[in-house]
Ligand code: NAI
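Read the single chain below, which is given as structure tokens and is the form predicted on its own.
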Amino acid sequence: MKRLLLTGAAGGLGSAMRGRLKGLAEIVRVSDIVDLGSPASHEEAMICDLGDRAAVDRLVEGCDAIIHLGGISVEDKFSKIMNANLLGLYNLYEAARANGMPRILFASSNHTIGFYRQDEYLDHATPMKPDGLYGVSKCFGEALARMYHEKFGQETALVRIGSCMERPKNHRMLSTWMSYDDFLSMIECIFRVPRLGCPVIWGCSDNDTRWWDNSHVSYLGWHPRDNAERFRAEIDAAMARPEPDDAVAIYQGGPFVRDPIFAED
């Protein structure tokens, strides 16, 4: 690729992946709503509010592919979620449509299905059960991407990220964890496969206790290699297991199912 766009580059996951993308494109255009520091020799840095249609048009222009991690990534006030995750995503897809429809990796979330129990094994066709306004915004994002695919042919990978971080932090994450290396290998497969379509992809490593079935996207050639099980003893020693009647131990969305709706000012 000539130019790859990474939105949300100043966030936790964006910051972790930013330095790992150098080999995917000649130029990596990094963007966020805050200062991104000095760009590396292979980078272009652009500050952009996703709610600003003209700014998003400029952001997408000249890009061959997009990794969209931008937006609100936790439960928050609806006004904030609406600007970044609904309006902002619409702006991104319209900008992509006007600029040759570069393939998109959309960071969806496990919180689209957070009210399923942890003893249920889900596939890509399982109906959504969002666990909050953030989860609802990701349901919207998946629906928007699907419409742009069916109507215009825009290809998008709908990646329902579990817990993508250096290491799992609690017992729930032993099922939801995705390593940075496995995410990077997924990204490589998404942009390499000749025909992508608009698949749901569960974003987790090869964990012994995973809850999600990715057999429908075997055509991507993605084979996660890491397994959260190697952290189990460490987590057991660091913290007590949640009580059996705690939402964290019952629902796949964990604490999100009990989080309150944030009041507006």
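None of these values were measured; they are calculated from a predicted model. Residue numbers here begin at 1 and follow the sequence given.
If you look for the form predicted together with the named molecule, you will not find it shown, but the lines that follow are about it.
Subject >> Contact test, all of Ala55, Asn99 and Gln154, partner the named molecule in the model of the complex, heavy atom 4.5 Å >> reply: No, none of the three is in contact.
Original post:
Gly132: heavy atom within 4.5 Å of the named molecule in the model of the complex?
Top reply: Gly132: no, not in contact with the named molecule in the model of the complex.
Original post:
Even though the named molecule is not shown here, does Glu43 get within 4.5 Å of it in the model of the complex, heavy atoms only?
Top reply: No, Glu43 sits far enough from the named molecule in the model of the complex that none of its heavy atoms falls within 4.5 Å.
Original post:
Is there any non-hydrogen atom of Asp213 lying within 4.5 Å of the named molecule in the model of the complex?
Top reply: Residue-level check for Asp213: no, no contact with the named molecule.
Subject >> 4.5 Å heavy atom contact, Ser73 and the named molecule in the model of the complex >> reply: Because a heavy atom of Ser73 falls inside 4.5 Å of the named molecule in the model of the complex, the answer is yes.
**OP:** With the named molecule left out of view, choose which of Met165, Met128, Leu144, Cys189 has a non-hydrogen atom within 4.5 angstroms of it in the model of the complex.
**Re:** Filtering the options by heavy-atom distance leaves Met165.
Original post:
Using a 4.5 Å heavy atom cut-off, which stretch among 91-99, 190-198, 105-113, 144-152 contacts the named molecule in the model of the complex?
Top reply: Checking each option against the 4.5 Å cut-off leaves 105-113.
**OP:** Between 12-31 and the named molecule in the model of the complex, list the residues on our side with a heavy atom within 4.5 Å.
**Re:** Residues within 4.5 Å: Gly12, Leu13, Gly14.
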